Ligand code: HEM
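For reference, the chain that follows is the form predicted on its own, supplied as structure tokens.
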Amino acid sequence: MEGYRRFLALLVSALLLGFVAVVCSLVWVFRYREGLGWDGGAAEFNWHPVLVVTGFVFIQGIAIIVYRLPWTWKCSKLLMKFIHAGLNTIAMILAIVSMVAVFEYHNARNIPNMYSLHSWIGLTAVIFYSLQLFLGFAVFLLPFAPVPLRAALMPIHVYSGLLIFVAVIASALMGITEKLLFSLSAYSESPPEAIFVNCLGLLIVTFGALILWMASRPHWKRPPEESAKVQRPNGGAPEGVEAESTMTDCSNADRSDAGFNSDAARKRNFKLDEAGQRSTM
């Protein structure tokens, strides 16, 4: 892997910043707010920032870069798909619970719903994240979608995932600022809570920036699997093999059949086959 040490340093930094952000969200609600509860009061609302930072920011960020971890490249692509889908599912569940908490709190206090830009972007992110997760299961995890369809949708899937992640971070920043403006009458005087939560926002931004940087570097992309790796459940082409490598293998097989009775042809095709396999590494 090119730049392995740099990748490892960025990964450790991102995980540390994300974990600290989760801890800071808990410190915020327990030290400066009313803690956590589920009674329709302020303690129930506090589940909203904690679960958003934990699931929608931290766990989603890990799900984005899970394919980039070089020590997982020996694992089958199917296994990594299940891990990627599982992490996104956990993030989705936590995001939904956080939405339920804030809606119940607003309804119990007769506070209007969906009036702020934070709520618009947040709900849009949840909806598109749900669609992203569903389409990911249907197209990339289940073995029924044809290879050309997967190849056509993969760039869209990657771009929309990163776009949703950015929207979530933007919504989180607007949300914590909105909460401070409503809760602190002296926000402009920078009380300790305001400084602490502003630092939380900086942690979220830095974590997101590191995740996006690691996810956008082409030389840290997971390499294609070898042709002989795990087969699809329906007996189709090997999992993780690109269309180009499949075409190369088929053309090599045709040449081998045509020159079956010729020793020279077999040697020539053997060399071509070796070259085709190296092209899929």
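The first residue of the sequence shown is number 1, and the count goes up from there. Just so we're clear, the structure is a prediction, and the values are computed from it rather than from any experiment.
Beyond the structure shown, there is the form predicted together with the ligand, which is absent from this document and is the topic of what follows.
Within 4.5 Å of the ligand in the model of the complex, heavy atoms considered, which of Leu210, Leu94, Val126, Leu203?
After the contact test, the surviving option is Val126.
Check each of Val147, Leu153, Cys75, Ala85 and return the one that places a heavy atom within 4.5 angstroms of the ligand in the model of the complex.
Contact residue from the list: Ala85.
Using heavy atoms and a 4.5 Å limit, would one call Met114 a contact residue for the ligand in the model of the complex?
Met114: contacts the ligand in the model of the complex.
Spell out, yes or no, whether the shortest heavy atom distance between Ile176 and the ligand in the model of the complex is within 4.5 Å.
Because a heavy atom of Ile176 falls inside 4.5 Å of the ligand in the model of the complex, the answer is yes.
Quick one: does Phe103 come within 4.5 Å of the ligand in the model of the complex, counting heavy atoms only?
Heavy-atom contact with the ligand at 4.5 Å: present for Phe103.
Spell out, yes or no, whether the shortest heavy atom distance between Ile59 and the ligand in the model of the complex is within 4.5 Å.
Heavy-atom contact with the ligand at 4.5 Å: absent for Ile59.
If you apply a 4.5 angstroms heavy atom cut-off, which residues in 182-205 are near the ligand in the model of the complex?
The one in contact is Phe182.
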